[in-house]
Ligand code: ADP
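A single chain comes next, written as structure tokens; it is the form predicted on its own.
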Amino acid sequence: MSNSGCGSCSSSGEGCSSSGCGADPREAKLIQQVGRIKNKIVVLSGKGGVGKSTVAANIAVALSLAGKKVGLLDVDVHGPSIPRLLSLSDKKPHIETDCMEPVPWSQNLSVMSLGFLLPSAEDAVIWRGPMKIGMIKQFVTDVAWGDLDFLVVDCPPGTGDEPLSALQTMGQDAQAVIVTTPQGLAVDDVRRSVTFCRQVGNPVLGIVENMSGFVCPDCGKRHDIFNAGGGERLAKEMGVTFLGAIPMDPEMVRAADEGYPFLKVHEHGPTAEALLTIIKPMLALSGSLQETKGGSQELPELKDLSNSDGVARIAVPCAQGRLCMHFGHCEQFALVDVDLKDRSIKNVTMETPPPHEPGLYPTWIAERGVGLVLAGGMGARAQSMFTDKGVRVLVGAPAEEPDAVVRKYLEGSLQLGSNTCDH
């Protein structure tokens, strides 16, 4: 964009406040877009080959399975791997004159990568810094992300143009998640990433140690193939949070090669538990997981659940007339119709679902016009199936009569505890 205006404008084209020269409309649009993102997570590492893109993809998927609206932005110009990790390699974004739509992976997760725009997977991208910086800004400014709870940015290794531009574009409230492997060679390079974030003024949310030991699928014994605990020691040394350690898992490798996120199909085991532990501090960020004395999840906006008549239907899985703490063991569903104008319960009906089979309940619930399920415990895979059907899920609800649970939700006093099926 040319900078024709008064002589006091900077050469960068950012505009000025002098009379006769307004702000750069591109910068104004960028600020507006970034303002619609509640939380920005930039995943980076000073070392290549540590599994950073795999970690970024699974963080984004895990947040989306928790019911959050998530964008995943791949800014690795020379090796964009996110499309393959999510089986999106053959997808193309819809492009209009002044914007483009991100590629949907699910109802809650949208993705953008330069890999979508390349004519062929074999094409090399030979760009210098200004082109990379322009691409990153364009992927934030011109992509129709909408309102997001999280934008997860996957950066290439190092502390060069891409991570610097990503952090500067997102703003100083963007938080870094730094990925390392346990061995000293990787830790030395990753240490520089922590220093890099401090120099540019962005907080480090924490360090993830990937490939942390190998758990034998046959005997269950752990073997430390690399030196163990390097990431945790680095976190203590640098005074940052240690988010968790992800073990080496053949299923994680297979998931990456075959193009499906690990957490989409694996709810149990050390790897799934590690990934779910890692995202808990992210869910606790302001605007996502609201911290109270007992701890509670963000309640969906009531208006998002209602139909055109201002009526919403909430489902509560029940056993012996009370909310069932284990979702798969419920005997009936209480279908509670509520008037959101005066926040009152209009009707409660009890329906017996068909015999439980994987994937059956989400379809059955969605067909009955349910917008929200209040549950005691529900696994990540089941939650993802509900969100794919457009049904929100809240877990950790108390084992009380269904109308009492719904009434507390309507009053805003519902206290949600831990997920009794958190795997």
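Predicted, not measured: the structure shown is a model, and the values here were computed from it. Start at 1 with the first residue shown and count on from there.
FYI, the form predicted together with the ligand isn't displayed, but the following is about it.
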Is the gap between K52 and the ligand in the model of the complex 4.5 Å or less for some heavy atom pair?
-> yes
Would you please decide whether P93 lies within 4.5 angstroms of the ligand in the model of the complex, comparing each non-hydrogen atom pair?
-> no
Does the 4.5 Å heavy atom contact test between N210 and the ligand in the model of the complex come out positive?
-> yes
Interface membership of E232, the ligand in the model of the complex, 4.5 Å heavy atom rule | no
Which of M248, C330, L164, V143 has a heavy atom within 4.5 Å of the ligand in the model of the complex?
-> M248
Only one of G48, G369, G390, G359 has a non-hydrogen atom within 4.5 angstroms of the ligand in the model of the complex; which is it?
-> G48
Residue stretch of 251-259, 318-326, 276-284, 99-107 approaching the ligand in the model of the complex, non-hydrogen atom distance within 4.5 Å = 251-259
